[in-house]
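One chain comes next, on its own, written as structure tokens: the form predicted alone.
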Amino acid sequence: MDRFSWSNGLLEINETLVIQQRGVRLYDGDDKAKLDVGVALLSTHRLIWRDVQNHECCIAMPLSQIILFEEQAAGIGKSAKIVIHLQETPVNKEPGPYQNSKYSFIKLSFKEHGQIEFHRRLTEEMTRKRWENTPVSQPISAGTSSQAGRTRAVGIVGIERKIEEKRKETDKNICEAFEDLSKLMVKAKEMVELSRSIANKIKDKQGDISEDEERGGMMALTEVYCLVNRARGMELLSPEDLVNACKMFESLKLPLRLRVFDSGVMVVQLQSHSEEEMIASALDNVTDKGSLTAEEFAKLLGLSVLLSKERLLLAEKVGHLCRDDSVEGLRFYPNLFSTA
């Protein structure tokens, strides 16, 4: 606690308030400080504590005094705390509530919660160390006892400076927004190129895409993922990028389409491959064989069992097939009622 100095609570020039939390009690090491519960304020340069009832009772400590800090979980009848370990007391430190202390750490006890967000913001500020960017001519913690020697952001000049700082921050945010937009446009261009690349690989049967895999006019998206990444070598593609690229087939007028079945199965199919053809193929094969399971249908078409089952379910959905779901498995039959 002897690292704290008395303060008027006003922010210095170039200092910005980061977060404030009510219901915070200070501890000098393991002992409760001789101060009531108040408000803890974290700025870019200081840790400030102010009494709720008496606003003239305000103390502050530079963040540069902090070595490390840690969270202390709440217990039965105990509030959550942040333990802050401090450096040695500066020789030229201004007066404060404590002239000396036997502890090298303090605690912030959070009576009204909020310790998680406060700890996160404190971590950010200790990582960024924005206090190091403050000009030497405008110190946050004055080295002399002369009150007049401090430069305060007060009056018309202070207001003008704050407005100018706000304008610069706005300009910076706009520039960052345009940078993000540029990155997004580059990403969109990559997705367009990726969509065309996938279409060409499937169409031209590159990347070890076999005749059996392309037969039937469609492939499961999982198969496409494996085949495209096999062709790309070390530059692997994420599943999310693959789905996003396939969604762009139609807008790019490519000969492929991404299709999602009712079951959620996603496939890539040729644009020329119509749903009517799939239904007709399923009905013809089931009628010819009398009945078929998904496994038997897969062998006939050279497709995966997953895609074969989706075709049979599609034909069942429109009423051309019916099912027999027994202990032997799911088997499809021609719907005689629809053909009668």
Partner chain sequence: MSGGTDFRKLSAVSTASTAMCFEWPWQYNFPPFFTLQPNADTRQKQLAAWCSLALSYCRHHKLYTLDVMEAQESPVFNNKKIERKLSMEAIQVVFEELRKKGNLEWLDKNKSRCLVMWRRPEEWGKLIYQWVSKNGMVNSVFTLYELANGDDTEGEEFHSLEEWMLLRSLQALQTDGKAEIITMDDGKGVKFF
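Residue numbers count along the first chain shown, from 1. All values derive from a computational prediction rather than experimental measurement.
Heads up, the form predicted together with its partner chain isn't pictured, but that's what we're talking about next.
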Run the contact test on Glu70, Phe110 and Arg120 with a 4.5 Å heavy atom cut-off to its partner chain in the model of the complex and return yes or no.
-> no
Want to guess which of 55-63, 271-279, 31-39, 288-296 is within 4.5 Å of its partner chain in the model of the complex, heavy atoms only?
-> 288-296
Although its partner chain is absent from this view, report whether Arg22 comes within 4.5 Å of it in the model of the complex, heavy atoms only.
-> no
Are any of the heavy atoms in Leu10 no more than 4.5 Å from a heavy atom of its partner chain in the model of the complex?
-> no
Could you confirm whether Glu316 comes within 4.5 Å of its partner chain in the model of the complex, counting heavy atoms only?
-> yes
Is Cys322 close enough to touch its partner chain in the model of the complex, meaning at least one heavy atom pair within 4.5 Å?
-> yes
Which residues, if any, of 322-338 lie within 4.5 Å of its partner chain in the model of the complex when only heavy atoms count?
-> Cys322, Arg323, Asp324, Asp325, Ser326, Glu328, Tyr333, Pro334, Asn335, Leu336, Phe337, Ser338
